[in-house]
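As a starting point, one isolated chain is supplied in structure tokens, in the form predicted alone.
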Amino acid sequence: MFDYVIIGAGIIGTSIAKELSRYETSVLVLEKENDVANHQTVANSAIIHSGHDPKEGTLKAKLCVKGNQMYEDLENDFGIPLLKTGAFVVAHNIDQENMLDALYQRGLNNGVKNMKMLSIQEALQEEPNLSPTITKVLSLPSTKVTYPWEVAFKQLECAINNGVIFQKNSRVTAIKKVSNHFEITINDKTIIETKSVISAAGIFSDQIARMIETNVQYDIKPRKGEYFVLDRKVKGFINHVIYPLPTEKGKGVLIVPQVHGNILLGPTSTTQDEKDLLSNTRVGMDQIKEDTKRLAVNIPFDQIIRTFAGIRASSSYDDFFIQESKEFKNFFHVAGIDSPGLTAAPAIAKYLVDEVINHHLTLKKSFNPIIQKHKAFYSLPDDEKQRLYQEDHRYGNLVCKCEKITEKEIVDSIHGPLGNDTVKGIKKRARAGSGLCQGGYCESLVLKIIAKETNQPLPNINYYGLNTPILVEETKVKK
């Protein structure tokens, strides 16, 4: 019998797990996928927003501003990458300048610090590639960019170090209230008992809720966002996050510098019925190109190295839905966490535990918020590289030339605290395959390393989820 079962291991579920691991309580995290952070967390803009956009008085506004500040602690405790870019929201005419003034006032009401208005001449001194059609800029210095799935990894690793149990490939197929506890059925066969359930299931939150509630107070409306990724050789083309003015669809198509030097262009915003349709479209790609031209000139579209899409858990409820069930005590909803969910995640976890659950838990005397910080081998001083190479010669085998990733780093990604034995799992952890060639050179080498380290034949190695092998059959053999 667990005290809490958390359904979902995205940025929200892992934040809650870390927060609960501070207390004398038993916690299990369930994830239906073969890895942590597979959905919204792995496919978004990676921005830690200032809090200028959410409506005053909402949880989105309150928890965004607080979460922005809490990322400084995550950087100190876990060594997560945090690129302090600042952001510009741009206007193109007098009507938009009036909207920009209203946005500035909303930011003040939400508690955003150090905002200021810039003339286009002042803005061009910082960002020479801004579009000449821009007339005025709202500067948001507290805006940052992170590496979302690494934040999720680090938080769950911290939680595990402090007693939380993690179980992947565990799809929740039924939930039942029995006496004073819940029975959760996993993969239609295994039953887990728990005193409390926390649903942090992202785009599937309403489906989880309907397993037990007869009157779910929200519907999840999947909203797809498409992106371009520019090669990191464009680093410095734009140094701030560049926003258009927000609309009812969201913050719009953006230009976003990334912590590893790439730049993202996107996202689009398209409502769809499917919760797992992640295809890119010609219409979406064309929209990104047209919309970003209103933000900047000389955009290096010739440096696009890949496209991707993500699904956001937009909700019929006009705010984050963080509440206890009205039908079943100790069933907690954390739903409708779309933008600024990444920013708010650590604050959402604290709000849930302190103000919604409010079970008067006892703090652990042994809780350790610090985990080992990691730096890429290529970024280390030469004497440190030499020392590590003498300890393990696999540091001398460069596997991913684009990202300068060694064999030893890939091996560590397989066997680490949240290790993974799939090609994309290694890409998420070590960045092998994230560069210009997108795995064209190193993917076969990664495949062989996984096979060797896990003692499996090559055809058994999965790309990402279960039963997703890359190799199907030999092609250069006589039949």
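Keep in mind that what you see is a predicted model, and the values were worked out from it rather than measured. We number the residues from 1 along the sequence you see.
Omitted from view is the form predicted in complex with a small molecule, to which the following refers.
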Thinking of His39, Asn44 and Ile337 as one candidate spot, does the small molecule come within 4.5 Å of a heavy atom in every one of them in the predicted bound form? yes
Among the candidate stretches 167-175, 119-127, 190-198, 374-382, which one is within 4.5 Å of the small molecule in the predicted bound form when only heavy atoms are counted? 167-175
Since exactly one of Leu140, Val137, Ile242, Leu342 fits, which has a heavy atom within 4.5 Å of the small molecule in the predicted bound form? Leu342
So in the predicted bound form, does Pro257 come within 4.5 Å of the small molecule, heavy atom to heavy atom? no
Could you confirm whether Lys154 comes within 4.5 Å of the small molecule in the predicted bound form, counting heavy atoms only? no
In the predicted bound form, Ala159 touching the small molecule (heavy atom, 4.5 Å): no
Does the 4.5 Å heavy atom contact test between Leu30 and the small molecule in the predicted bound form come out positive? yes
